[in-house]
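In structure tokens, the next block holds one chain alone, the form predicted alone.
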């Protein structure tokens, strides 16, 4: 079995999940606490990848990240390389495509918190940042676990977006979903079965682990 695409997919999923947890946490917190009239607009934009066809999102990302695009042209001037058909481009596309799977679980966890615990921390002299890390984060671990698992698993199974933005370049953008598609196209069903079975087992165990952890954290 060719493990190159699988290894590249794991790298992409890890980097994407890390970026989404770092950037998605403040966004999820703002969405959970804001009373701005723009809150619903931002929430709808964040959730759009759930309902948009991957090829539609991939097409516009290809336009924006391409050498003539707003972001792509700037990247070419800065690095001399293109974002499209590269690992960096895949990371950007994956972060956008998996954004709601990271933000929504954290937002739900933040919204379920009792405001009295935060107010008590502020009364004791804790800054908002200190109260967030000492009170909010520990009480929202279930949301962080769900966000991490869902973002990782969703990124690992991407096809349409990564194909549009990254193509099928071995060692650079040929992730496992594209490798499976290519094996099916060439009637190499044995190789397609092997990679598919790995993804099925991985998806089951990672979701089983998440449900098991969340069950243990349920209040008695």
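Residue numbers count along the first chain shown, from 1. Bear in mind that the values here come from a model prediction, so they are computed numbers and not experimental data. Under this definition, the rigid core comprises the largest set of C-alpha atoms superposing within 1.5 Å between the forms.
Another form exists, predicted together with a further copy of the same chain; not displayed. Remarks below refer to it.
For residue 28, no non-hydrogen atom is located within 4.5 Å of a further copy of the same chain in the predicted complex, even though that partner is not displayed. Remark: residue 11 does not count among the residues lining a further copy of the same chain in the predicted complex, judged by a heavy atom distance of 4.5 Å or less.
Although the partner is absent here, residue 51 lies within 4.5 Å of a further copy of the same chain in the predicted complex, judged by heavy atoms. Looking at residue 70, you'd find every heavy atom of it more than 4.5 angstroms from a further copy of the same chain in the predicted complex. Looking at 166 to 205, the residues that come within 4.5 Å of a further copy of the same chain in the predicted complex, counting any heavy atom, are 177, 180, 181, 184, 189, 192, 193, 196, 199, 200, 203, 204. The rigid-core alignment places the CA of residue 19 less than 2 Å apart between the shown form and the other one. Relative to the superposed rigid core, residue 199 undergoes a CA displacement of at least 2 Å between the shown form and the other one.
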